[in-house]
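Given next, in structure tokens, is a single chain: the form predicted alone.
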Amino acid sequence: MFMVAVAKSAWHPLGRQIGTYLAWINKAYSRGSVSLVSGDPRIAPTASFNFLADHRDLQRLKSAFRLMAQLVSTAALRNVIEYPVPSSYGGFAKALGRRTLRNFLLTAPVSVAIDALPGLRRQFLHKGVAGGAALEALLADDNVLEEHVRSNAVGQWHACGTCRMGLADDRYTVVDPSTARVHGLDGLRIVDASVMPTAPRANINLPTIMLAERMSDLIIADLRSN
């Protein structure tokens, strides 16, 4: 699990006035799939991430939500946080993430208004950020919290493992771990994040570089031996 507090939630004027707690799962139990839909290589396959399919992931995110709520209610933070509300990275917030003049012009007047008018500030946070959801209501009812988590959980852009490495007699593996060759297919090797047998516990950039460096050595050794 990972949790972080950010003082500025986005690049635009409105985002610079809103702080956010974020929590996510770095090591998920749920597993997705990639399915071919055609023999034509120009047709993209279907990817199903299957988020929260394993109940343990759902329970972990609910626990993280409750922990974040506890943190904002502590004496140290209660005096500096005016109005904590639940939020998610989707819909309008996601659209505003793009750095455009239009988004700047949309957010600048709102940031000035909610800074000058406390009543408007609470109304905006409740409706515009929380989508009408109340933090107290989510914490009071586990079923309501579960529905909120299911509806608002999003991916963190680090998908991997769709062509996992492993022994040839394992029906779930695709790539030989010592040569990067695809099992049962001549002339094809795979070296990228898709060969990871399990997801690493953080961003996949550095593990992918390490994997590529190691695989390149193994490929050179394989070519020299033949």
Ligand SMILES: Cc1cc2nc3c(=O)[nH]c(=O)nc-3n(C[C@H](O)[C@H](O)[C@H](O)COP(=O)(O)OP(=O)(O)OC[C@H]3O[C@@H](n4cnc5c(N)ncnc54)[C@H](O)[C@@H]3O)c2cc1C
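None of these values were measured; they are calculated from a predicted model. All residue numbers are counted from 1 along the displayed sequence.
The same protein also has a form predicted in complex with this ligand, omitted here; what follows describes it.
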Of Ile204, Met215, Ile25, Ala10, which one comes within 4.5 Å of this ligand in the model of the complex, counting heavy atoms only? Ile204
As a check of understanding, the residue in Lys62, His158, Arg56, Arg189 with any heavy atom within 4.5 Å of this ligand in the model of the complex should be identified as His158
Check whether Gln17 has any heavy atom within 4.5 Å of a heavy atom of this ligand in the model of the complex, and answer yes or no. no
With the partner left out here, check for me: in the model of the complex, does some heavy atom of Met165 sit within 4.5 Å of this ligand? no
Is Ala180 near this ligand? Define near as a heavy atom within 4.5 Å, in the model of the complex. no
Using a 4.5 Å heavy atom cut-off, state whether Ala193 contacts this ligand in the model of the complex. yes
Within 4.5 Å, heavy atoms only, one stretch in 67 to 75, 150 to 158, 127 to 135, 96 to 104 touches this ligand in the model of the complex. Which? 150 to 158
In the model of the complex, residues of 162 to 185 near this ligand [heavy atom within 4.5 Å]: none
